[in-house]
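Next up: a single chain in structure tokens, the form predicted alone.
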């Protein structure tokens, strides 16, 4: 028996466990389906692709996507302490001010959430109106400095876009370099930043390699969870609350396995209905990436990384190619006039990014393309079987809304225009994966053939429909959800920073303490265009 039981030791769960266990008078149990984060490939940034489809990955994919030629799309998810923050590209982008303001949820505006971003942050640039120092999460400049990253930014400027030194500053539009969740060139996951320092506390227990199968609900109240480790059934009870932080795919799956979901589906699968809640698993959103890949003859891409000199530089200085995160530079654009914020994010990586990251690079190349930030299309996560070890049925419905495809066409066209600029000439002289032309027909055909997930799922236990503004599951006592699934709409940017802020706020909501002062945040009163 513990006061709090948290399911999922990922980007949110590790934060919540660390914050709740700051109180020595409460006991906390954090449960992770995967192993500890000891593997070297987790901590060497350039090796993140070697984690795909291993024991550290849930290795999901969609069912046949009807608007992408019935392709199945690969969806990696971290299955390890730190969750996807242990396997991602470490890009630190908060999103846009209007993302949070448009949620329309009390306590969740940009100004009200900004203190939580700042509380986490230990920014290498120092404290300012938009940044803070002293928090657990290291936010740093990239240390790989591949020439292609600067060439991409310069080409975007030549194409007419502005330079932006800080995507988390006054404005999001423009091109520049990403800050990363790294410390001294090594990955700074939530397991490293928040959980590791808390492990010495006697009131925090972390259970690894334990897959939760369902939440136990008695008389309308969550009282614990049950699951399995190998062939052993394990039940852990919660005196105060159960908190699901299992992510946008696994949190709705767990609710449905627990009898909280669409009654018609649950009954058909033989799952006893605890609460008919048709919105559990609905509202699924993701950023679709349209990858442009250009081969070239310059021997400087990531396929050259890993030699003895690179290893020595990484170990001794925390610098060089092995610190590379993937997309070192990028930018935010608006595909049309009259929209209130960017709707496409470019991510530029100095490597041949093949087959959604599952292919092996064979040539020197640069890969970049727009990630579509404001999709109107919605998908779902539904139980496929009543067996809790079965993967859920995930359908993103990418480009189900025709206007999403229209925006993607314009964003891809912008990417091809950047490729023609002088700064990128040395790196775009070889064809590999580009549209046949810039006609609408060829661009649409290319997008349907090559678009894939950039792994930013959200929305499946949304505030206002599945949980309230304090993240409590509507209709069940002592049960909350806190992860990307509670976002009513996906943020404009890589969502990891926002998930950490959600977790910081969730910890205060659970503890019943007041939010940090908005005035202390400084930037909360400043407009971000």
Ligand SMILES: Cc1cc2nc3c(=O)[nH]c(=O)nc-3n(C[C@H](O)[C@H](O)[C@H](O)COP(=O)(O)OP(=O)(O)OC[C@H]3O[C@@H](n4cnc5c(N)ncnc54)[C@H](O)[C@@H]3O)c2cc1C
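Residue numbers count along the first chain shown, from 1. In this text, all values refer to a predicted model and were calculated from it rather than measured experimentally.
There is another form of the same protein, the form predicted together with the named molecule; it is not shown, and what comes next is about it.
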{"item": "Stretch from 61 to 69, 472 to 480, 459 to 467, 32 to 40 whose residues place a heavy atom within 4.5 Å of the named molecule in the predicted bound form", "value": "32 to 40"}
{"item": "Triplet 12, 85 and 91 all within 4.5 Å of the named molecule in the predicted bound form via a heavy atom", "value": "yes"}
{"item": "Interface residue in the predicted bound form among 103, 427, 455, 110, criterion: non-hydrogen atom within 4.5 angstroms of the named molecule", "value": "455"}
{"item": "The named molecule: the contacting residue among 210, 354, 144, 305 in the predicted bound form [heavy atom, 4.5 Å]", "value": "210"}
{"item": "Contact of residue 324 with the named molecule in the predicted bound form (heavy atom, 4.5 Å)", "value": "no"}
{"item": "Residue 408, heavy atom within 4.5 angstroms of the named molecule in the predicted bound form", "value": "no"}
{"item": "Residue 501: touches the named molecule in the predicted bound form, heavy atom cutoff 4.5 angstroms", "value": "no"}
{"item": "Partner contact for residue 320 in the predicted bound form: the named molecule, 4.5 angstroms, heavy atom", "value": "no"}
{"item": "Residues in 484 to 514 with any heavy atom within 4.5 Å of the named molecule in the predicted bound form", "value": "484, 494, 495, 496, 497, 499"}
